[in-house]
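What follows is a single chain, given as C-alpha cells, in the form predicted on its own.
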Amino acid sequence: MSSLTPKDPDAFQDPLENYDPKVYEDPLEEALAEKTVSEICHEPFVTISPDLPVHKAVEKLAGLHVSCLLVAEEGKLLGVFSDRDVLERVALEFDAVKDRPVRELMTNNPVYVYETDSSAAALTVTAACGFRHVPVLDVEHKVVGIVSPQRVTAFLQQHFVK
C-alpha cells in the first residue's frame, strides 16, 4: 500500500499511535503526576476496633505517640479517631464518655485515598480538606496505611531538586 493511498475509514486506528508522553521540566512535578500514593511511606499505622472504649483509644494515642488511629472492622475503614476528636469531643466530657465505644466519638466517613491514586491526590486531600492524616486504602477498600505530613514532606524532599 502506497503512502498516497487513502486510509480505510473503517479500519481500526490506535488513538495512542501518535501519542508523545508528557515531558516534565521539574522532577517534583513529575513525581506528583506520575508516582502513586503507594510510593509515599504509609506504614506503620494503627487500627482499632470501633467497640474499643474511648479511654483505651486515648491511652493508645498517648502510648504510641501517634495523632490518629484508624477505626476498622474486618479491614474496612469506618472512621478515624484523632487527637482532634479527643480535644473536640472527649476532653471536657471525659468522665461521661470514657467507657463509650470509640465509634460514637470518632470522625465518621473520613476522606481517604487509594494507594493507586497519584501522589498529588494525597496532597490535595490534606490541602483542600484540611486533614493532616489521610487513610490509604487498596483497590478492595481495605486499610493499608496512612499518609501524614511528615511522610508527605519526606516524599517531596526525595524529588525536590535544589
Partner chain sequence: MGLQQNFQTEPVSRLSLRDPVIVSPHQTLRDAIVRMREMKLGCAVAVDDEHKPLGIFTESKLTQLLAQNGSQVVGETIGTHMTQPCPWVELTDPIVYVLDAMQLKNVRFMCVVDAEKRLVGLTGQKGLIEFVADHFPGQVMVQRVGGNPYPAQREGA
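Numbering follows the first chain given and starts at 1. Predicted model, so just to flag it, every value in this text is computed and none were measured.
The form predicted in complex with the partner chain exists for this protein as well; it is not shown, and the discussion that follows is about that form.
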Should Phe45 be classed as touching the partner chain in the predicted complex when contacts are defined as heavy atoms within 4.5 Å? no
With the cut-off set at 4.5 Å between non-hydrogen atoms, does Arg132 touch the partner chain in the predicted complex? yes
Using 4.5 Å between non-hydrogen atoms, is Val139 touching the partner chain in the predicted complex? yes
Under a 4.5 Å heavy atom criterion, is Asp99 part of the interface with the partner chain in the predicted complex? no
Of Leu70, Ile40, Met106, Val113, which one comes within 4.5 Å of the partner chain in the predicted complex, counting heavy atoms only? Val113
Who in 108 to 132 is close to the partner chain in the predicted complex, meaning a heavy atom within 4.5 Å? Val111, Tyr112, Val113, Tyr114, Asp117, Ser118, Ala120, Ala121, Leu123, Thr124, Val125, Thr126, Ala127, Ala128, Cys129, Gly130, Arg132
